[in-house]
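As structure tokens, one chain now follows by itself in the form predicted on its own.
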Amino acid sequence: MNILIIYAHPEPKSLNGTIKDFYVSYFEGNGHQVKVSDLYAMKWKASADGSDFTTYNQKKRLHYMQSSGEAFANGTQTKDITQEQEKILWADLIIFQFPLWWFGMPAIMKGWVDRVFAFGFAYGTGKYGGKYWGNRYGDGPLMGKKAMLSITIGGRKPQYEETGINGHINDLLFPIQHGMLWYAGISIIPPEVLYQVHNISETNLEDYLETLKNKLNNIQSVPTIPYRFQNQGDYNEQQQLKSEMLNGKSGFSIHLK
């Protein structure tokens, strides 16, 4: 397999750095090809603006989505965006390694998504209108690829369960897994989450990495999260889930088969 690791942490000697290095060592040791986008080391530009397009006219009003589509189609994106898109097209599996900061990914990683997932590349294709509303949510341009979030969290696991004060971890990750990745057609392997990282012992870390290794040994057969496809009949013309599909559920879980 071709493995792309998108890594976001400002400290190379951090726990996130250790886990990232573990992925690289494991996959290369098992004959896979690995590429790493170390966003802080790359000094990745997080802000999406007109300078992302080589033909941008500062005198005109910027419509970022439209401009990104034109730049992708015309080959006038900046080099850094094109290089990351090429990595995605090369990859079979994309791993996002990051600490959960303020209930989301670090700004530099969100900026990577904002700029790299350009109109026409990750979304904005297919017919729009009526029962069909574009190639998205399972039918996106990146369909066939898989991704997995690998996250460190300072809090305790009970805080991220059904009755936990922070909300269920699956709900917190829904905007990333469903709204960014599944939207573009990428299937999602259930995330790896390591809790209480500020007090983790060497023994607990070794145990975690051993458990992670066991998962990676079977990574190609791990079932992906069964999100519903937008265009396979579960949603009506307003892209609302049909009432007969609810089965008494509410919240984000209604979008799981």
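The numbering used is simple: start at 1 and walk along the sequence shown. Note that this is a predicted model, so its numbers are computed, not measured.
Quick note: we don't show the form predicted together with another copy of the chain, though the next part is all about it.
With the partner omitted here, the stretch from 107-115, 69-77, 145-153, 84-92 that lies within 4.5 Å of another copy of the chain by heavy atoms in the predicted complex is 107-115.
Contact annotation: Gln159 falls within 4.5 Å of another copy of the chain in the predicted complex, judged by heavy atom distances. A residue is said to contact a partner when one of its heavy atoms sits within 4.5 Å of a partner heavy atom; Ala48 meets this definition for another copy of the chain in the predicted complex. The shortest heavy atom separation between Tyr235 and another copy of the chain in the predicted complex is within 4.5 Å.
Interface membership of Ser37, defined by any non-hydrogen atom within 4.5 Å of another copy of the chain in the predicted complex, is ruled out. Every residue of the trio Lys60, Phe174 and Gly179 has some heavy atom no more than 4.5 Å from another copy of the chain in the predicted complex. Residues from 226-257 that approach another copy of the chain in the predicted complex with a non-hydrogen atom closer than or equal to 4.5 Å are Gln230, Tyr235, Gln238, Gln239, Gln240, Leu241, Leu246, Ser250, Gly251, Phe252, Ile254, His255, in the order they occur in the chain.
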